[in-house]
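One chain follows as structure tokens, the form predicted on its own.
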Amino acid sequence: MSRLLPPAFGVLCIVALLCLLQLAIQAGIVDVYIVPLPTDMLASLPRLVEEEHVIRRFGVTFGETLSAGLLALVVGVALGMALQHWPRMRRAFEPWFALLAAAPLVMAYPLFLVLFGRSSLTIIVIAFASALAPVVLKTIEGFATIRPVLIDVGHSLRMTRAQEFRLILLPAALPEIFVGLRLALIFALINVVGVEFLINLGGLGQLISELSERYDLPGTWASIGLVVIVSILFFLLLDGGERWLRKRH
């Protein structure tokens, strides 16, 4: 029961904010031509499902973000471990990954279009490139901050390198790796929706572009809300995965 209280409180806060927004719009404090009534946003959902195939678009955006995130996890953890193992390589390349994390790669989408064409592959590659840096940096941090006493315990128990990695190093670094993966999925989702919007291809980003061009404000805001739901789903999956891995280790 205690585990359900924080999510329930968060849902209640969102409902309360929507109710306050509804009252503010009806009172004329907020212009209805800028933000539509929350009730109108909810009323637009059946139309989006029937006419705009929003469930399929939702799946496209979710799949592209998940693909980019998994690629960033596999490649980023491997690179982070390699850089942590070789200090000179770390000193040489860690600043570049920090720069990559701050770079607005979505603005380079014309180059990616030339290289990969107007397809989902372009969207996934851009999202992967933006999501890679946080995984690499947090993996380096996770393995660099492991307490030496834990490694000494492994040596005293005469563990093999594989046992030491599986039973000591990886569990100790997992919290930081999951922080990097959360950041990576945020970056990936932002870039996926942004590129879908810019090149008018794919899932929810394309839908937001089309609805905004028609000045369909309730549908546009409802679609933006669906993007938030995608982000929430990823956080729930990550929390479940982290708990499962901690139990196994």
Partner chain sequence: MSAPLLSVDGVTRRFGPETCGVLAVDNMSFDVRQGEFVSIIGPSGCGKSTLFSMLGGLLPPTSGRIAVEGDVITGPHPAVGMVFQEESCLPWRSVIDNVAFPLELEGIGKSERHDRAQHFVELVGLHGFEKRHPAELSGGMRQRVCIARTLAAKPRLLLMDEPFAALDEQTRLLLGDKVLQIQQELHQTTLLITHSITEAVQLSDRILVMTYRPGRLKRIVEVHLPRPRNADVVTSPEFGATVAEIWSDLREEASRGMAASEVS
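Positions refer to the first chain, counted from 1. The structure presented is a predicted model; accordingly, all values stated were derived computationally and were not measured.
The same protein has a further form, the form predicted in complex with its partner chain, not shown here; the description that follows concerns it.
Heavy atom distance at most 4.5 Å to its partner chain in the predicted bound form, all of 107, 118 and 126: Answer is no for this spot.
Is residue 88 a contact residue for its partner chain in the predicted bound form, using a 4.5 Å heavy atom cut-off? Residue 88: no contact with its partner chain in the predicted bound form.
Contact flag, residue 156 vs its partner chain in the predicted bound form, heavy atom cut 4.5 Å: Yes, residue 156 is a contact residue.
Can you tell me whether residue 114 touches its partner chain? I mean in the predicted bound form, with a 4.5 angstroms heavy atom cut-off. No, residue 114 stays farther than 4.5 Å from its partner chain in the predicted bound form.
Would you check, heavy atoms only and a 4.5 Å threshold, whether residue 92 touches its partner chain in the predicted bound form? Judged by the heavy-atom cut-off of 4.5 Å, residue 92 is well away from its partner chain in the predicted bound form.
For the interface check, one of 70-78, 96-104, 128-136, 160-168 should have non-hydrogen atoms within 4.5 Å of its partner chain in the predicted bound form; which one? It is 160-168 that comes within 4.5 Å of the partner.
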